[in-house]
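Heads up, the chain shows up twice below as structure tokens, two forms, tagged structure 1 and structure 2.
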Structure 1
């Protein structure tokens, strides 16, 4: 462990000027670069792997609903060729290094990640930076990826959870980008042209506001030099969050009831909930654990263990920058759907009215802590959490202090939060299997 220190100054990194550098007691070193990129290095010495994460804010949030799926398609085609490498060259070079990498477009950011054996990191990152900055969007590759994405959109209809969840998001968030499917629709993707991708790349793949995290055993100086070489000429202002359309949770007139060709029936129920920056964020995370965390949770026990009503039943509360939802779901038999829904609502009433015991609260905090630790075993996951907290606005150090916030949650916080959330009218989506009266999907 290195002594705590903080330094500020200007360090020349090739073409990149490091404006400020600081490190904390856990050896995390943060460098704010002149081009607006934040580089966070977390040294790890117990293995020979280097992992990186690059999160660029915006992405889907910037998409017009009429162009939903554009970020997703752009990321796919970025990997298919650069101004100096064909897709085949990229594949051969990266596979010869054993370099595993990828990218995706999420609600709040576009992300890229990779991991490789430490001594191969410089070569791997050089190829990655070429993909990031110099994609050529070859016409033929564009057509292939567009066709594949259109097929993915169709194939999602085979998965009952996805069918229910995409419908739920639409009901919850309306025309806000959070309400659109990340991969777009057959209509929006079908209209896309190759030039849309290069224009979108110029607009959204910008360093200002972006976060690069490296985790591994590389000497920091080596990474510094590498970044200067690879990203030295990356410039451009990033996304302006103030231009973001306001998120107004929608009020559902009546529950959605859809018939689809599945054997199972599916119930999904959601309540609008706080953004990641919300005062009650840690309380809602704790509430989610108390209600649906694991096999001993009341939700699992009530619906599955003591009633045998479902195989799949759980709850979740996704962390989003501008607003979220508390979601419960279960796959069940059509005839049991009312009973499942009734049991879920009874549980929510209990949490709203009766404070949880101190022992239950202590146990749920241990559950959160244990699972958080277990999810920090790989360099890749450590990098992901670091970039994620930073991008969502809580700061990279929240990876350390999140658990303190959870520890500070009281049973009254949980009850108050449950009452606030669950007194709202829920958004309900029910997927029904075909029946004699209604044999086919609409």
Structure 2
């Protein structure tokens, strides 16, 4: 059952006016701050760890293709010094506290996280807020992180899955930010300057629309006072989702065949699929588990175990706010690729035409439930899911109801969803090894 909310009153937090609402089915407290930040507090009393997650919407979605990779670089350099702390001082302070923290840039958001023992949380969050609001982007550290990101981009070219997937995303999503490499390219990152990070930080690190989740044993009042002290002057309008370019998946006339200097061949097939808010989101997650979840899945059994056609094979369905894709992939020998593709298409036809058995459906739901619950064992992961669902538009309470939606999926839902997805023309990318007749082919 979804949590419903009722207004509980207004509070003052330093310079921030806030409205607090109660979740009537749990201890979760949601506070909408005047600066536009949503703070969600989840009390946990069985341990003494306090974790936080801060999600700022937009992320890579805001990047110009010519600036791809800017958010990743900005986040990595933010931790290297502030206007009042050097990188060494940050390292010494956080190590003395046992404070673990980090940040990332994803397609739909920029995120920061941290966890520490409860009685050290006020000091740890004070350090984090300094990093968040006052990064100095030291020139020497900028150059180091830029070089590291360039090396990472080069290293990815040695991984056939990444090469295939980045090409697939470009073919499927075109000029939309989802079609760009998340970490950028050698060209886009190579021309970035230190001042680019400062300007980008001023533009995107804004509270309006952001989600802060705290999970742990600290009293809500203590966190309230801490936020007033640390974030009381954080203001500014955030990213406007209405300005986001519409996502229109590309329709591919012919498969893409690309030759790369790998020993093996690789096949990827993608079918445009629902955003995380879609009606069939839970059904597609269940379908993905039925098709490619584990060694007992039809993909694994048919293509690898029984036929020996591939050294790896699976499927996945990323959760994205504005649209996604159902992706199947296989690593194989060049001579076996046509048969692998043929078997994949046959499996998809079967799922579109034949209802899955009740037993298989139950097993798949248990698989989804087990993995989801196992990933909620720490305060840090509980906070991550809470912030993630809220940022993607399902609402923080969907962390409680997602598995109910999965449990409600029927065999007919799976068949209908498979029929809808797999009746579309797929985007197909094939990575081939160099020809024996032309070993230097690109």
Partner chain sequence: MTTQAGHAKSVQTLSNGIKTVVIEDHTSPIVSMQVWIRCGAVNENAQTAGVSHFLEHMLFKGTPRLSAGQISHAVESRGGRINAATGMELTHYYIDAPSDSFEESLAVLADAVLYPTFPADEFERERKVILEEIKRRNDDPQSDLWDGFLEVLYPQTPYRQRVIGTEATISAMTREVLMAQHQAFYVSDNMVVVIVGDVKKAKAMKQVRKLFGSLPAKKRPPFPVLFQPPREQSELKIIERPAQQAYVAVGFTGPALNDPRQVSMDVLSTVLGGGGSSRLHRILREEKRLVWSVGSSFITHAGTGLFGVFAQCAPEKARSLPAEIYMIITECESNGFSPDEVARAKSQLKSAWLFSQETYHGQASQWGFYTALGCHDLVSRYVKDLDRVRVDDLVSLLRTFFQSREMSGAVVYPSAGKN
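Numbering follows the first chain given and starts at 1. We call the rigid core whatever largest set of C-alpha positions still superposes within 1.5 Å between the two forms. Keep in mind that this is a model prediction, so the values were computed, not measured.
Of the two forms shown, the form predicted in complex with its partner chain is structure 1. With the core superposed, residue 313 shows a C-alpha displacement of at least 2 Å between the two structures. Superposition of the core reveals a Cα shift of 2 Å or more for residue 295 between the two structures. Residue displacement note: residue 262 has its CA displaced by at least 2 Å between the two structures (rigid core superposed). Taking the core as the reference frame, the CA atom of residue 159 shifts 2.3 angstrom between the two structures.
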